[in-house]
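Shown next as structure tokens: one chain only, the form predicted alone.
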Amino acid sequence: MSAAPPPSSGRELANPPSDGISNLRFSNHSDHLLVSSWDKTVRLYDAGANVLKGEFVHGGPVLDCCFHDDSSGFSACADHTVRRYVFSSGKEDILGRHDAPVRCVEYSYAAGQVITGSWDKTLKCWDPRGASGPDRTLVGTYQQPERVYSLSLVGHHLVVATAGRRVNVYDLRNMSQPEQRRESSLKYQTRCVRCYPNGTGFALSSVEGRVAMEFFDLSEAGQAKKYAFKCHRKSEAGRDTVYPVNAIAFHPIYGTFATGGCDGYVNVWDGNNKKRLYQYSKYPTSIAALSFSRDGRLLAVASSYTFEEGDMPHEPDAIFVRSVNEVEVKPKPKALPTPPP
């Protein structure tokens, strides 16, 4: 019998996925939460009411999901398909296909397009308003240097992180080639990339307990602001254990951000002042994904073993929704030196 996590973990959602959770996301319009899983499902919850509102079954593990609006969403599947769902009717259709598992899906409100990244080393843009049939919805296919691991959007900026520690930055208004081709400033494999809500750059996490804070501005002054820091590590008897940082989520109001690691911890950081603001009590297993609600009042946490140590007995996959206290996420004002009398 697994020990029940302390109530401070937040409220556990009923009817969780039965296998690893690949991602979860809050809607931009409500407290609805979309969850993708290796159990071949996408689930829609009302996180406020703790109700499972819908479940969609795929032909393979689902590696990512996102909302279109409150009534529909998209998913990225290991069976190479990109799917669309209409929640109220339970209707689904295939938007298109890749030549390998689809790892990431994002919806751009700015471009009105769905963007997918795959292990087939391509990025594809789709117009969901196109008539049904993949040929009519595909806007473009863009070759990437390696398999796509993570995508993030802010405004017209699209950041693509691939295997081989490569990062491409695109302007969605001109996808013919990347605006910037970069290499991760971290030495190890990229796990997650997330753009800053203010549109000035992105945070990147790696399998080796580090996060890099990057900026789009390529001027000397712009690049002088970038830095990286260690996190999700523990030191015992002189030995360091380093954990992958699987998830990054920015607070929509304050621009501070949470990270989740294979150590089962969620930390909240103030990137501007380079400080940790808060650490939540330990979750039952690895943190696979994180998402703040649109108003920043709720934080959804996927406690789900990510097989970093191979197949072994592990805690059941669970989703916790916690109420966020302002003190956990609001930057602390810098203490100014007392002026001389």
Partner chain sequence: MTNLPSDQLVQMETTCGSLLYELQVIWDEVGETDAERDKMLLELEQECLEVYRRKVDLANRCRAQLRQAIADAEAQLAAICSAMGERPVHIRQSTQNAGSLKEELKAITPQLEEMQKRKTERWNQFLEVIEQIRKITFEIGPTDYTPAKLVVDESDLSTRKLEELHKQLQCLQKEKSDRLKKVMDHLNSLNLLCDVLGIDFKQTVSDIHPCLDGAEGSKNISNETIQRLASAIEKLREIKLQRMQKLQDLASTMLELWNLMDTPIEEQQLFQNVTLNIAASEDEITEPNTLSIDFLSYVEAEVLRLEQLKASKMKDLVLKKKTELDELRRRTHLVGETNCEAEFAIEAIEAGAIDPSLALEQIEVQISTVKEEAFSRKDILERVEKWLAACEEESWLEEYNRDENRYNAGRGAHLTLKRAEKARALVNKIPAMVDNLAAKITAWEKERGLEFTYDGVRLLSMLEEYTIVRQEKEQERKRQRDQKKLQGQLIAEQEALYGSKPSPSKPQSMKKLPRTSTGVPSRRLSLGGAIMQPPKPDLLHSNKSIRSAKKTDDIDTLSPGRRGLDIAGLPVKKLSFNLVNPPREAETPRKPFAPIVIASNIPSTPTRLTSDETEEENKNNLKTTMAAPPPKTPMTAYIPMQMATTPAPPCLMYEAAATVKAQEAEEYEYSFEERRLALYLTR
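Just so you know, these numbers come straight off a predicted model, no measurement behind them. Residue numbers count along the first chain shown, from 1.
There is another form of this protein, the form predicted together with the partner chain, and it is not shown here; the text below is about that form.
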Of 68-76, 86-94, 194-202, 230-238, the segment with heavy atoms within 4.5 Å of the partner chain in the model of the complex is residues 230-238
Indicate whether the candidate residues Arg103, Gly164 and Ser185 are all in contact with the partner chain in the model of the complex, with contact defined as any heavy atom within 4.5 Å. yes
Checking Tyr142, Tyr170, Tyr149, Trp126 against the partner chain in the model of the complex, the residue with a non-hydrogen atom inside 4.5 angstroms turns out to be Tyr149
Partner contact for Ser30 in the model of the complex: the partner chain, 4.5 angstroms, heavy atom: no
Please tell me whether any heavy atom belonging to Gln180 falls inside 4.5 Å of a heavy atom of the partner chain, as the geometry stands in the model of the complex. no
Should Leu277 be counted as a contact of the partner chain in the model of the complex, where contact means heavy atoms within 4.5 Å? yes
Heavy atom to heavy atom, is Ser108 within 4.5 Å of the partner chain in the model of the complex? no
In the model of the complex, residues of 276-307 near the partner chain [heavy atom within 4.5 Å]: Arg276, Leu277, Tyr278, Gln279, Lys282, Pro284, Tyr305, Thr306, Phe307
